[in-house]
Ligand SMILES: NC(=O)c1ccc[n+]([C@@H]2O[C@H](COP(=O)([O-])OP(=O)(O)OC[C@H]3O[C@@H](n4cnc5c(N)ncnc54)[C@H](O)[C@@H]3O)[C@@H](O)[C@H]2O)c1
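Given as structure tokens, the chain that follows is alone and in the form predicted on its own.
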Amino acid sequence: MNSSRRDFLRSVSLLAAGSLAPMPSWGFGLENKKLKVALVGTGVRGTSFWGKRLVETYPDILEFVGLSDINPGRLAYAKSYIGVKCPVFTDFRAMVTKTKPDLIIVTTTDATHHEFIIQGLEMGCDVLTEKPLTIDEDKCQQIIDAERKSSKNLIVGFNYRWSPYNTKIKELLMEGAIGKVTSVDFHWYLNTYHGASYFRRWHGLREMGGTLWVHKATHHFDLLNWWLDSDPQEVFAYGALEHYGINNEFRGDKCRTCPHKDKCNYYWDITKDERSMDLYVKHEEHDGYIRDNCVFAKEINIYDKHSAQIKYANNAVVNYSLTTYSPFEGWRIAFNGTEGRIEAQLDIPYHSKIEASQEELHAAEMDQSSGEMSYEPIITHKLWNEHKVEQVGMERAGHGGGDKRLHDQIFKHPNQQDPFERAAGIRDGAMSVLIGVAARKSVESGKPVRISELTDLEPRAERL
């Protein structure tokens, strides 16, 4: 094994573990070697964030050696859109065998993450997966077992940790600004543009995405685990499908052919979205995936209302909710501590001057270009003292500026120490998923669910 490859493996190992130890350089410049990357799953996230952006931003650091997807039409489009000349494969194992990548990036449907993660590790590759790690406890345990047997490493791409605004919250908590955190109120609102999109895509089927308790809320649960620096211990939850799915008197086959276009507030004209047409509609014949499905389809079997109470191993208690049909998109959080309270929020229209439409706001968040820095308040209130309002930098593009910072840490600065421990590995991925799995089980059983009952991971009062 040459020195540059040893450096790379060591760097990925430390990153996946979230270690504070110094991470050595990969050494590509010394031996003129690039990281060989293979991508499986060429949907919108794979082709943009984990595809086109990497090619354009890090051409001197990495090269794509293969793309894989079950849809040959989408593969051809992805190759052109990403801007690579590598071969494409409908057979994942054939791709890995032939191209011998250093790193496999997994951006397939959530229900298949475990297949490619496990195969990648067994075939001698390091693996980076989009969130969520997987959709249920059995698949989670399979991934845990595979990672333990392998000499390779697994990274989970949690980007919200890297947002400057979210990092400031972490900094205040680490400094003990409000003493020991005892409880948290965390509420996330998806608007009728973004929230509805989950119900017209494959995410509306629990067998594909594990419900939004897993696919979407994993983002939020990971933030909580990271902010509180503790593992979840027990979850009790309520959930229901009361707005989308069967909760409407009319429905259509898909938006393009729906006879109810004129009276449906959720009508979406996909033909005006060039990217969606090129990526999905033009290749429906290969796998039958319809991107503009009806949000009132009878097959939808996930929840659109979510409320959970999470007990942590360090005795903190979290009250969490996720709404999927809000008039606006944003979130609120409050940390109560032994010495005070921290309040933070983003995009609440009654408290912020927001001129863009809800559709434009979501498009800006998904945009991978560098966003302009704006400033939003975080309030710290000490017991028996006046509150303090601090204006904190926040970027609109790329998930609050988290996307580009995550990429830079993985591919550009793996040797840079991070005092905020934002790198996420398999345990982080598992613990965030297991909260969602426990919430889903609690809704179905009407009983609290202990995290230790789901896999062999034992919750810790302090994350390692």
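Residues carry their position along the shown sequence, with the first being 1. Keep in mind the model is a prediction, meaning the values are calculated, not measured.
Quick note: we don't show the form predicted in complex with the named molecule, though the next part is all about it.
Contact check for Thr167: every heavy atom lies farther than 4.5 Å from the named molecule in the predicted bound form. Taking the partner from elsewhere, Tyr280 is found to have a heavy atom lying within 4.5 Å of the named molecule in the predicted bound form. Shown alone here, His407 lies farther than 4.5 Å from the named molecule in the predicted bound form, counting heavy atoms only. The shortest heavy atom separation between Gly43 and the named molecule in the predicted bound form is within 4.5 Å. Only one listed stretch (80-88, 314-322, 236-244, 126-134) carries heavy atoms within 4.5 Å of the named molecule in the predicted bound form, and that stretch is 126-134. When you look in the predicted bound form, the only residue of Thr99, Ser230, Thr108, Asn191 with a non-hydrogen atom within 4.5 Å of the named molecule is Thr108. His219 is the sole member of His219, Arg251, His286, Lys388 with a non-hydrogen atom lying within 4.5 angstroms of the named molecule in the predicted bound form. In the predicted bound form, Asp69, Ile70, Asn71, Arg74 are the residues of 50-88 with at least one heavy atom within 4.5 Å of the named molecule, listed from first to last.
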